[in-house]
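Here we start with a single chain on its own, the form predicted on its own, put down as structure tokens.
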């Protein structure tokens, strides 16, 4: 095997080992749970672990398929996330043409531009062309009630679930000297750091968390959990330097940026949920909620990570 295949094998072997340990812990906790006690926490934990098995398997298959598999996977995630977001908006019958354009023209074109590595277009297509086109389509329908709200919500939905998410597969387009053919590992680095930050913030919060950091947005998040999770994820990212074109300290610094953006992205998405009076974006993924619930941290970190790497490492 070449270095890329070796690194990919090492990565997924490590993930499998972590999930096996987590599954064993969940099994033991479930067996030791008293019959008359509340088992919701343990059941939720085991549901999350089982869902992670499925998610890792799907991501692994996409990685094995290569570039096409990754782009198709995140294209589907954008489509599913867009559905979840639009379901919470104030769109009405008059907006059907706008929604059709968003789902069946804008979204496919964004991923097509990534497929053909057209950076000059995929970087501005939604924030410029789609941003201007959708209000024009909407106004031609003649419905003015809540016009600004309706249009802005669709624009936000596209920016969040399509534009930002598409920057994950866009990492495949970067040309980094000495790292040719290994860009899928950049995606693995981004996703691992973001998800480990989420998990570690939860763990640190449960262990030592006392001071609520944003009680109205996310009551479970604490200052101690935030600090411990971000610092731990930074260390995790630094230790993953071997699968990236970065050095140890560079990987750690990038992991810090990713973790911070992921945290604040999660707060923004929580604010939207609270505004709409819901706990989760959906219930598709057992124990996790909807697709956006799993993507919320990636949404804000992916574009920043992409542009930092492109500016400093890509030729």
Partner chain sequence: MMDLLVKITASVSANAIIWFARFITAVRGTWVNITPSRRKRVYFANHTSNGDFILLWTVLPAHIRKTTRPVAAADYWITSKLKTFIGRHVVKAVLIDRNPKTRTEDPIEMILAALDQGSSLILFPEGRRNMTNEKMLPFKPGLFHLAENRPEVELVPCWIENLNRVLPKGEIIPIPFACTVRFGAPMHLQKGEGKQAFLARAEQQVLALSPANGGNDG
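Positions refer to the first chain, counted from 1. Computed from a prediction, not measured in an experiment: that's the story for all the values here.
There is another form of the same protein, the form predicted in complex with its partner chain; it is not shown, and what comes next is about it.
Chemist: Pick from 218, 173, 123, 89: which residue has any heavy atom within 4.5 angstroms of its partner chain in the predicted complex?
Modeler: Contact with its partner chain in the predicted complex is made by 89 alone.
Chemist: Could you spot which one of 111, 131, 241, 79 gets a heavy atom to within 4.5 Å of its partner chain in the predicted complex?
Modeler: Among 111, 131, 241, 79, a heavy atom within 4.5 Å of its partner chain in the predicted complex occurs only for 79.
Chemist: Looking in the predicted complex, any heavy atom of residue 83 within 4.5 Å of its partner chain?
Modeler: Residue 83 belongs to the contact set for its partner chain.
Chemist: Can you work out whether residue 100 and its partner chain are in contact in the predicted complex, taking contact to mean some heavy atom pair no more than 4.5 Å apart?
Modeler: The answer is yes: residue 100 has a heavy atom within 4.5 Å of its partner chain.
Chemist: Does at least one non-hydrogen atom of residue 145 fall within 4.5 angstroms of its partner chain in the predicted complex?
Modeler: Although its partner chain is absent here, residue 145 would stay clear of it in the predicted complex, with no heavy atoms inside 4.5 Å.
Chemist: Are any of the heavy atoms in residue 156 no more than 4.5 Å from a heavy atom of its partner chain in the predicted complex?
Modeler: So residue 156 does not count as contacting its partner chain.
Chemist: Using a 4.5 Å heavy atom cut-off, indicate which stretch of 247-255, 24-32, 273-281, 58-66 touches its partner chain in the predicted complex.
Modeler: Checking each option against the 4.5 Å cut-off leaves 273-281.
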